[in-house]
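In the block that follows, a single chain appears as structure tokens, in the form predicted on its own.
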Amino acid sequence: MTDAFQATDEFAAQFDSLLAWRRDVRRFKTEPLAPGLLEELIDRACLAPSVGNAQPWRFVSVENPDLRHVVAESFEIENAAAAKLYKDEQARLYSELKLAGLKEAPVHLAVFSDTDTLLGRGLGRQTMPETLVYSTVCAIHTLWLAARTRGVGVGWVSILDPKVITRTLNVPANWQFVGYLCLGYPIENHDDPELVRPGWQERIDRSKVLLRR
């Protein structure tokens, strides 16, 4: 039995700081993570909330160089297609963005959601089955925060073909691809978002996201 958690102003300030410099990391050192650290982070991710306690998250550590090559190739294909959507100044900015750390990151982690899990016995997801995926996203965010407290950076690569990833990693048919993460020690730490720095997109303020009825 652990001691009951006691919130303090100091803890709140440290947590606020963590949220600010959590940031999507795309520039990694190539050195491997400390032994056992990946497993430790997975344990922390599994503390995330889930609908009906279904715990649908499934993690695949992609270690085979050939499989990583297929993933990187998918990124190049999809990134080239995405680049064609932009014109003029936006096209120039897009071409200069670093959108993945696939070549440098020592750890590649593909995250799936088990859509047929019997855990939870269907509780809470009869009207909104998508909450299984939401639960998996919560696990990703939990892992992300835990990683940053240990000096590890995380980058979420979304410019990929889900069908290619699912087929390449040969996972069960009922596993839905949710995200592909790069993990490693960052070259630098900064609290401004990666896409703010080059002028792609500023953060919006609370007035744009909070409505009252």
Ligand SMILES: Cc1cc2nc3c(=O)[nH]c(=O)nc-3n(C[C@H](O)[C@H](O)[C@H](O)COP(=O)(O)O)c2cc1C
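This is a predicted model, so every value here is computed, not measured. Note that residue numbering begins at 1 and tracks the sequence as displayed.
Keep in mind that the form predicted in complex with this ligand is missing from the display, and what follows is about it.
Just give me the single entry in 53, 158, 61, 64 that has a non-hydrogen atom within 4.5 angstroms of this ligand in the model of the complex.
None of the other options qualify; the answer is 158.
This ligand isn't shown here, but in the model of the complex which of 71, 109, 99, 133 has a heavy atom within 4.5 Å of it?
Result of the distance check: 99.
Pick from 145-153, 168-176, 23-31, 45-53: which stretch has a heavy atom within 4.5 Å of this ligand in the model of the complex?
Stretch 23-31 is the one.
Residue 195: touches this ligand in the model of the complex, heavy atom cutoff 4.5 angstroms:
Yes, residue 195 sits close enough to this ligand in the model of the complex that at least one of its heavy atoms falls within 4.5 Å.
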